[in-house]
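The chain below stands alone, shown as structure tokens; this is the form predicted alone.
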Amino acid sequence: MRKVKARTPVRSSPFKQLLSYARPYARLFSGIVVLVVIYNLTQVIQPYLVKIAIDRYLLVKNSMLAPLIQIGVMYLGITLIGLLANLYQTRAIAAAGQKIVRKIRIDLFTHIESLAMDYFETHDTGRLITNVASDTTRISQFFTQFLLSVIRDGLTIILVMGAMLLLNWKLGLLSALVIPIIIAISLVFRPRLHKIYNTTRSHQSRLIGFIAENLSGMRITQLFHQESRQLEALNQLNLPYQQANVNEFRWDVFFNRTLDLLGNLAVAFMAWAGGLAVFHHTIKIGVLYAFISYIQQFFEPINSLTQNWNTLQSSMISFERVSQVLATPRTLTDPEIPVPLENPEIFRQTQGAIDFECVSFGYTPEHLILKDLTMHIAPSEFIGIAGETGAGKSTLISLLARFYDVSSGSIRIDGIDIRTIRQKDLHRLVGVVQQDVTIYSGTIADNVRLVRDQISRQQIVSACELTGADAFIRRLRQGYDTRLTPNGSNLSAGQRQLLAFARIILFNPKILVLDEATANLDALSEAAVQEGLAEVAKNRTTIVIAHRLSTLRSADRIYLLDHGRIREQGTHEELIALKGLYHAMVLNSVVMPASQEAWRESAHTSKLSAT
């Protein structure tokens, strides 16, 4: 088999990655820049018009009213143009920002869905929730606040500085002396602020993860009266988050007020220097007014930029966290040239024979869960898997569904290595029903259909009748249109399990796997499900993992796993006659002990008791 190489993503800086998402909206941003130029020109022209009114018409003898009215009308018209330009640029940047963040959120969620199960076992769910919900929201602020500020305020600084140099180049150069001071202050604060923002986001992720975990486990919390202890644990996470937010606010205020002070000093210096120039008749009063207006306009965008610097820091940290997830390589990849099972004819020809060839697997090379396991299952066979907790039963099924790849050996379906099959096609072949059933918000019909619109209401009803779910659904006031809460908390565990069986029947896989799927059913419900599944399992390879050995009595063959190896195999009667581990398990009706020797001792004790 040709080995498929996983593509290693090329990492670039978070800032470049973020801007790459804006590239499809280049024309929209070009229009925004035009609106920003119009708005900024109106702001720069206004003080100049006042300067003309003062120097030409207010401080001269025999002043005329008509030119002043004309200047006033021009001032009003320019103000309205600037207002409209500002309105449309704000709306356009907000629309662009939300479109970009929607794309980032979709890419992030799609990538998370594509990751192998081992990723979710080693990463905090709370952090992933923060990435998808909170971090993407902060990223949107990069476009709606920071990027607009950079374009608008950066252009304002350039235009204002140009206007001051044109009016009086000496005073303009004096005003420019403040720029290196601002840069120096920013460089001093930047590392500290970045560290503070990162600390705050980390505390936030831990807090969200804790809350999500406890809301999903509220039944256990109340059952064992752990409310006060959980509240104490929440406080232990909430207090550092509170302190981090206070520290972030403190440093933000310190940074911004430092620049405010610098701006006020600059205005005072300009008033002093300009006043001396007016006193010595080197400039006119109108020029001094324009300069003071311009120096205020000069510091307004600087203050805006520095305040939005905090937004940049927060957005960059959020995008770094998001990009780390996006850069996580898929440990399970589809082959470059897959087996064409998307062809309906080829899919129908699949028989469902399964071969485990010398399969070994472990999360780490030092600790193997399955060891050199070989198992051959013929098409349409009913196979039972028994064994102690931790023997590797569920791991075996996870490998068959390719939630993980084998460490060595191979798994084949009809002689085809499952690593040469696209995961999408493999999961059409192998349908798994687990003990823990996931129920989504929506109606019962939606949960059985799982958003597959091509499935009719009659098909849903037929599947539920076959599994016995129809009986309890009919008793509900709204029947199949009854809305379920997240996780199906308004259904019993057994009812949720029956819906899972109906789902898999509609899915119609070639291979059916039940992983402790009847554990939550009472004896009556289990009997009804077994009767329905007997029909479903016809002409279908079926693998059942069960602690209730009664479920496995009719199996064509039972494999008994112990410490990742097959210890016994045969029919129920053959294994009973063997009087080994399976026999002891039947006699005791308990979970298998941790070793084969212990089981033999248990079997010996049981035989003595029976005698």
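Numbering starts at 1 and runs along the sequence shown. Quick caveat: nothing in here was measured; it's all calculated off a predicted structure.
Keep in mind that the form predicted in complex with a small molecule is missing from the display, and what follows is about it.
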**Ser304: touches the small molecule in the model of the complex, heavy atom cutoff 4.5 angstroms** = no
**Prompt:** Does Gln313 reach the small molecule in the model of the complex if we count a contact as any heavy atom within 4.5 Å?
**Reply:** no
**Request:** Give a yes or no for Phe403: in the model of the complex, does one of its heavy atoms lie within 4.5 Å of a heavy atom belonging to the small molecule?
**Result:** no
**Asked** Does Phe347 make contact with the small molecule in the model of the complex, using a 4.5 Å heavy atom cut-off?
**Response** no
**Asked** Pick from 252-260, 389-397, 471-479, 138-146: which stretch has a heavy atom within 4.5 Å of the small molecule in the model of the complex?
**Response** 389-397
**Item:** The single option of Lys51, His547, Arg567, Arg557 touching the small molecule in the model of the complex, heavy atom within 4.5 Å
**Value:** His547
**Request:** Have a look at Leu193, Ile411, Ile369, Val432 for me and say which one sits with a heavy atom within 4.5 Å of the small molecule in the model of the complex.
**Result:** Ile369
